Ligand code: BES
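Below, in structure tokens: the form predicted alone, a single chain.
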């Protein structure tokens, strides 16, 4: 699939579909007005008859056009012009991509919208459209004989003669890399647990490292024992699949520059262990490695973009299963940093994996850390299925991550980290328990993780809601979403070692 920017006139574009975004209750832009004139006022009549309103993510198709080299036009609503944002533009463009990607070998041209005086720049729009067309045309068809969706054969992003062609081409190339990295994370989540387990995930990491020039390291169970990662190993001991810790390193700056650590929870399947989940709660648990998948996707893009920053991605990979060796309620585990943990729920396993991996990241010199995990249902209760919870021990670092999310069009919300939540984790027999009470469960999980980062500036992203979509929507494919990949890339792009 090729993705290019062009400033050729609309009438010169040769594609199967031309996608045009129009604002609600706004006059046509000069380029669209000229096209409307070529079409004898067809677009104007659609609007006047209210067959197309421009409301966000609504669509209308014009078919069988003989006046253009492109026989089909898809109009997609951008909502009110003043309210245009990266989030709204993404919703519109993802809807468009999903609407027209049902056939093989489709070529699509997309007209750059007029961003006006909004916070969205032309370059941002070009980047986002390229990413949306790349992501929106890929379905969760890994195991279907007949796919429901097909990647576009060619994508043209069309501007006007006054558009900076070089800058927009660079933005389009960046957007394509972002989209492909998101699709990698989605694919890893969408593959079932018979395909993606700790060893196979680690093998994919090594393969990707070779492809994109990253350094890789994989620790097996013997090496994990040598590293004294007793908390992570306990989770894995009930499975026939041995654990792995996969590490990717991108050194884009001097060795003396600070290092950003990205840590992903990689529970490739979560049965709940002896605290076993009901069937409904287990159906989507192939997605419990969404944090590790996001780290893998982000590291791939960071390498491909050759960002001038040092980043290490850590992916803690285990299965949480049930057999005679399963760790048990009442067990006391010793984590890598020497803290002891009383296990009161084996379904609170992700924090036990992250505890040891976070400690390793600290010991290897991380200047700042972000971890991502499908960690708690409590976060979904608090924030819903489309918002990521943010927890941190450092106000400035938290703000930097939130700003990166905003500029990437991803919705996050900071949660409190008041000291009293840590009181719930006090144990009579160990340094701490792995669960608190039923109240504030997402926060107590974050307070648990805080024990394993020392004073290192750290942000925990609970992606339990947005990492996996239960059903298709017009603007979103069901299954893995690749959430927070764009945010991680933007954090790396803005990281201090670039300065």
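Small disclaimer: the values here were computed from a predicted structure and weren't measured. Numbering follows the first chain given and starts at 1.
Absent from the display: the form predicted in complex with this ligand. The rest refers to it.
Engineer: Counting any non-hydrogen atom inside 4.5 Å, which residue from 333, 378, 168, 362 sits next to this ligand in the model of the complex?
Structural biologist: Residue within 4.5 Å of the partner: 378.
Engineer: Go through 186, 250, 351, 244 and name the one with a heavy atom inside 4.5 Å of this ligand in the model of the complex.
Structural biologist: Only one option qualifies, and that one is 351.
Engineer: Only one of these stretches, 284-292, 91-99, 69-77, 210-218, has heavy atoms within 4.5 Å of this ligand in the model of the complex; which one is it?
Structural biologist: In the other structure, the partner sits against 284-292.
Engineer: Please determine whether each residue of 356, 451 and 459 possesses a non-hydrogen atom within 4.5 angstroms of this ligand in the model of the complex.
Structural biologist: No, none of the three is in contact.
Engineer: Is residue 371 near this ligand? Define near as a heavy atom within 4.5 Å, in the model of the complex.
Structural biologist: Residue-level check for residue 371: no, no contact with this ligand.
Engineer: Does at least one non-hydrogen atom of residue 347 fall within 4.5 angstroms of this ligand in the model of the complex?
Structural biologist: Yes, residue 347 sits close enough to this ligand in the model of the complex that at least one of its heavy atoms falls within 4.5 Å.
Engineer: Although the partner isn't part of this model, could you tell me whether residue 443 comes within 4.5 Å of this ligand in the model of the complex, counting any heavy atom of the residue?
Structural biologist: Outside the cut-off, so no.
Engineer: Using 4.5 Å between non-hydrogen atoms, is residue 319 touching this ligand in the model of the complex?
Structural biologist: No.
Engineer: Within 259-286, which residues come within 4.5 Å of this ligand in the model of the complex, counting heavy atoms only?
Structural biologist: 265, 270, 277, 285, in sequence order.
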